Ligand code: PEP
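To begin, one chain is listed below as structure tokens, in the form predicted on its own.
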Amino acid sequence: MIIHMAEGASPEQTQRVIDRIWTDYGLHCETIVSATTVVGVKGITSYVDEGRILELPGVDRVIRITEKYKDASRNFHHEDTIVDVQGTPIGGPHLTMVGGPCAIESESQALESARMAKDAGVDVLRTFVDKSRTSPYDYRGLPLEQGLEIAQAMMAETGLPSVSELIDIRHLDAFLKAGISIIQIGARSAQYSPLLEELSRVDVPVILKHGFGNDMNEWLCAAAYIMSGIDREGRTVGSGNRKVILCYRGIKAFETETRFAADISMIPLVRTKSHLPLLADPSHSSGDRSLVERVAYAFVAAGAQGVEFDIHNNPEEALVDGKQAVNSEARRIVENARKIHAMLAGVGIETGSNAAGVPAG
């Protein structure tokens, strides 16, 4: 970060800037004096608030020479990151299919849906216990202990690694003790800093959904925060959690015929900007099972390294998002997605970081 002092700024004003950087963020500065004074800030500046610096007397402008999301940026990590989940690789040249019910409603529903997902060929099973809903009056899941017991039964039945959404920071220990393989942060929690900070201190993979009001910078900053191990005071409190997986799911827009607006160009753009594994969710973006299949293929063709979608044994009776859940189509979606991925790899389009137009190494 470079801070340009205004022409005529006094040495005392420059020193005040240096003192503020050290007091608030613990970072050192170097000063270059010529026609005007330039203050260079050294170290990790992703958590420095430009607005606070610009308010200081004598400051003309603040320029970031790196992205705020440094840890998640491809500029600092050229090769694709691959996250290993119990032997299942996510990221790089691999295509990972994640599927299962949007919520655990009962033991019979959950187990039957899990078997259907397993038979379809998914790599990771959705075992969602907590649910953050559009309305707090909607079904939000079974009691925690009962839900986690069923989630464990789903894992035992299929032998698959699992992912479950966490919305309450108090439930994290219970999720980890139950053996949940991946913690998912949903769209409504994508910028909930206390939860992200807590996940930066655990050694478990995290799927970070794209908030439906987030731009790319906000999304990648949230991912980098999990990776950084920095607390709210800007202090390094740990090594951070490097096992972050992104999942795109569209944003709210003026269109009402689909649940959310899915910008396909975001997939190659994020692949260009970040080295983190990138999944995409055609269920939540479309909101309609008749659209899910084609949207899933579009995401894969655009460069997504995996697809996460809803599979339910009886969508018509689902308590959560039955309209967007697929049933017998699941096997076809998995098989065709893999064919599209293989075809693109065969012509040299989908080969690790090269899929983003970034030279490997």
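All figures in this text were calculated on a predicted structure; none of them were measured in a lab. Counting begins at 1, following the sequence as shown.
This next part talks about the form predicted in complex with this ligand, which is not shown.
Of the listed positions (Lys273, Arg140, Arg115, Arg188), a single one reaches within 4.5 angstroms of this ligand by any non-hydrogen atom in the model of the complex, namely Arg188. The partner is absent here, but in the model of the complex a heavy atom of Gln184, alone among Ser162, Gln184, Asn241, Thr96, sits within 4.5 Å of this ligand.
The closest non-hydrogen atom of Trp219 lies beyond 4.5 Å of this ligand in the model of the complex. Not displayed here, this ligand is kept clear of Arg74 by more than 4.5 Å at the level of heavy atoms in the model of the complex. When this ligand is considered in the model of the complex, Lys131 lines it closely, a heavy atom lying within 4.5 Å.
Though the partner is left out of this view, Ile180 does not reach within 4.5 Å of this ligand in the model of the complex, counting heavy atoms only. Residues within 4.5 angstroms of this ligand in the model of the complex, judged by any non-hydrogen atom, belong to 277-285 and to none of the other stretches in 277-285, 106-114, 142-150, 84-92. In the model of the complex, just one residue of 83-122 lies within 4.5 Å of this ligand by at least one heavy atom: Cys102.
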